[in-house]
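Shown here is one chain on its own, the form predicted on its own, set out as C-alpha cells.
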C-alpha cells in the first residue's frame, strides 16, 4: 500500500469522525489544534484506523499530525509484511 493510499484512507476516517471538509485534512494538519479535536474524537479516529488497517496503536503519544499517523500506519504495515 502506498503512502497516498494510506493518506486517502486516514483522511476519510478523520473527515468522517470530525465532520471537517476533506480539503482541510492534509498531511500537515495538526489533529488537535487545526481540527479542534478532543480526546474522544482522537480515540474514535484511532479505533477506526486500527480497524481499517488491522493494526494496533498502543498510544497516541507522538502522533500530532496526519503525517504522523500515515507514517505510523506505514511502519506498522511494513512490520507485518516483513
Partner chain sequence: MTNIRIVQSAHVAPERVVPNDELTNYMDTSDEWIKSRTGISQRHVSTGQKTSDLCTIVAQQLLDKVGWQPKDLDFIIVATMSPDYLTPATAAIVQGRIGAKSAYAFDINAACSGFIYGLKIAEGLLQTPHARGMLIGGEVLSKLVDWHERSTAVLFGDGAGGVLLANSPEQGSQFIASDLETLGELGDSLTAGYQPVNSVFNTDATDSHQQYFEMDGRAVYRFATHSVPESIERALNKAGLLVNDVDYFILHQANQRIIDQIAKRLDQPINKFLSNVAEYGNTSAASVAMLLDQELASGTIKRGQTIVLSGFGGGLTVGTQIIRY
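Quick caveat, the model's predicted, so the values are computed rather than measured. Numbering follows the first chain given and starts at 1.
Not on display, but discussed next: the form predicted in complex with the partner chain.
Engineer: I'd like to check something about residue 57: if you look in the model of the complex, is any of its heavy atoms closer than or equal to 4.5 Å to a heavy atom of the partner chain?
Structural biologist: The answer is yes: residue 57 has a heavy atom within 4.5 Å of the partner chain.
Engineer: Determine whether any heavy atom of residue 46 comes within 4.5 Å of a heavy atom of the partner chain in the model of the complex, and answer yes or no.
Structural biologist: Yes, residue 46 sits close enough to the partner chain in the model of the complex that at least one of its heavy atoms falls within 4.5 Å.
Engineer: With heavy atoms only and a cut-off of 4.5 Å, decide whether residue 28 touches the partner chain in the model of the complex.
Structural biologist: Residue 28 lies outside the contact set for the partner chain.
Engineer: Using a 4.5 Å heavy atom cut-off, state whether residue 34 contacts the partner chain in the model of the complex.
Structural biologist: Residue 34 lies outside the contact set for the partner chain.
Engineer: Do any residues of 33-51 have a non-hydrogen atom within 4.5 angstroms of the partner chain in the model of the complex? If so, which ones, in sequence order?
Structural biologist: The stretch 33-51, when checked against the partner chain in the model of the complex, contributes 38, 39, 40, 41, 43, 44, 46, 47, 48, 50, 51 at the 4.5 Å heavy-atom cut-off.
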